[in-house]
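Form predicted alone, single chain, as structure tokens, below.
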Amino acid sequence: MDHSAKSDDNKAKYEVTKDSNGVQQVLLRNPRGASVKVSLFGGQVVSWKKENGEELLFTSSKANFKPPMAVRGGIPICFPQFGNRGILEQHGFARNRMWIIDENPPPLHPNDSKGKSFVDLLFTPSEEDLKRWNHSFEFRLRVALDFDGYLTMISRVRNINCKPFSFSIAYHTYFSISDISEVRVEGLETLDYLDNLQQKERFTEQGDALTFESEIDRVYLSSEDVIAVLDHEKKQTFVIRKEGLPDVVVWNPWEKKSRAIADLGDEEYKQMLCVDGAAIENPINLKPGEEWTGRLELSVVAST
């Protein structure tokens, strides 16, 4: 397969711009007018818009876009650690490092690029990173937008070390919603979860759908690969499909915690809900030379 022809063909499908801080961003569009914007800082999707221009991801009005701060909103990638479950800073370092565009990535399944606008990004640890987390790896991320406006993120993490290592990962997706009291999440019923508000204690979900009346910070374990976030007021449903990501994080800081978060407006918790495809409870182990692939597909459909 002629890589150069393939990558040139795709170059027409994305354009590289810069944000106000000079950070490169990649803009993907589909023929219907939907779009996705990815920042090379953190390999972070910062915008996902429907054909009519409606933004589907929440970004705080107080978000800091100046590196090295991670941006509050969009889809930050928590890697190689989730939260404070390890020796690294909160959520690891991948979300506040510069990534590069990978012009000649190893091939994926042909369907992963067919008819899609996509970009491949690459992140490898710096010497500074290796001092704190001494494992060499290549993290490849493909962000793709298809004809129907579906956003797909495919991660490939390869161990290029001479010793095994393990990592956690989460796509910390901030969905833009009408009002937190109007939203419910389906697909988590009867699952066990770890409650981060109660020292990571384990509970079992009793409800047939998750609704919100107070702060929530949970890791649902071994979930089905399809989760739905229903927004009654907007009459639309986010559908999350995932592979290689057994866990689901659900987070909303609610009123009190929002006031304590500098880069989040006091009332903005009402317009956001984080539902992440993740691998947290059982970290992924990679032997030397091994590669892990995880996949997240987000779509939005009309609902009654």
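Fair warning: this is a prediction, and the values are worked out from it, not measured in the lab. One-based numbering along the sequence shown.
If you look for the form predicted in complex with a small molecule, you will not find it shown, but the lines that follow are about it.
* Asked: in the predicted complex, which of the listed residues (Asp231, Asp217, Asp129, Asp120) lies with a heavy atom within 4.5 Å of the small molecule?
  -> If I apply the 4.5 Å criterion carefully, the residue I get is Asp217.
* Of Ser176, Gln90, Ser166, Ser136, which residue is found within 4.5 angstroms of the small molecule in the predicted complex when only non-hydrogen atoms are counted? -> Selected option: Gln90.
* To do: Select, from the options 247 to 255, 231 to 239, 53 to 61, 27 to 35, the stretch whose residues sit within 4.5 angstroms of the small molecule in the predicted complex by heavy atom distance.
  => Selected stretch: 247 to 255.
* Indicate whether Asn196 is a 4.5 Å heavy atom neighbour of the small molecule in the predicted complex. => Yes, contact at 4.5 Å.
* Lys116 within 4.5 Å of the small molecule in the predicted complex, heavy atoms -> Lys116: no contact with the small molecule in the predicted complex.
* Asked: At the 4.5 Å heavy atom threshold, is Arg72 in contact with the small molecule in the predicted complex?
  -> Taking the distances in the predicted complex, the answer for Arg72 is yes, it comes within 4.5 Å of the small molecule.
* To do: Spell out, yes or no, whether the shortest heavy atom distance between Arg97 and the small molecule in the predicted complex is within 4.5 Å.
  => Contact check for Arg97: no, nothing within 4.5 Å of the small molecule in the predicted complex.
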